[in-house]
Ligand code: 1GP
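Single chain ahead, by itself, as structure tokens, in the form predicted alone.
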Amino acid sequence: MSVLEKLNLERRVDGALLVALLDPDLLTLERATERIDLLETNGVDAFFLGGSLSQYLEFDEYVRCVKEHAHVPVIGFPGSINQISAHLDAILYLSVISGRNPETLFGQHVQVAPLLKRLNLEVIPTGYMLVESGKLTTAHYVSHSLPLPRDKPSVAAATALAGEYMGHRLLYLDAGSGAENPVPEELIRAVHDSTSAPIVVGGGIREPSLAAMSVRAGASAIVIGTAFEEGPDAGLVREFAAAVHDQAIALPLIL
């Protein structure tokens, strides 16, 4: 069974999915492995693993150790071509469709495609859209691309629709790590109403109420990074899980 099929089974039970982001540049391996059980036990459905800076040298070892502790899918969320490991369950094949940098649109993908094939990794084509969040984030800076304006839902909807027509199986709206403001509700809803692909939303979601708002607007999965990096307790994780699982509307399956 593929990772996407497993996630669809979870979606049929819970509605939307709660995903925890593990960034090796921000979360030591010891801290990551210590909290995996806490996150899983209290409602996290999957892990995204990766980061924008890619300064962690032993990435493959990091993934291997995480996989030894995790019982839910561990999916690569690569910030560079260096963040690839055979130990991943799957990898998001990210194309930054919100920008016009040819390297992040398609160039780096050519470099890594043969490696992904040799590793036999499940590849999930993902249209990645950076959204203006109130400040310049690491993702904006590293990708050399302007974010989508947060007050122009129609621009985001057209961009997402183009990504869907290009064959992306997921659409990822990201305000960036440490964002001052999350992706606006109106923007998520505009993308949801214009496309049929599942929508992943992350960045700046520090409170369960913001997670619930994003799901009600049409998000199929919510990614939490900073709120879970700063030593979450079981109660906070359960609150996020309830906010995500209990608020789901009729959302498309991840096909």
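In this text, residue numbers run from 1 along the sequence as written. The model shown is predicted, which means the values in this text are computed figures rather than measured ones.
Keep in mind that the form predicted together with ligand 1GP is not shown, yet the notes after this line are about it.
Residues of just one listed stretch (188 to 196, 66 to 74, 34 to 42, 202 to 210) have heavy atoms within 4.5 Å of ligand 1GP in the predicted bound form: 202 to 210. Checked against ligand 1GP in the predicted bound form, the residues Gln83, Ser177, Ser133, Thr104 give one hit for a heavy atom within 4.5 Å, which is Ser177. Put simply, of Ala46, Val223, Ala217, Leu27 only one has a heavy atom within 4.5 Å of ligand 1GP in the predicted bound form, and it is Val223. By the criterion of a heavy atom within 4.5 Å, Leu21 is counted among the residues contacting ligand 1GP in the predicted bound form. Applying a 4.5 Å heavy atom cutoff to ligand 1GP in the predicted bound form picks out no residue from 87 to 123.
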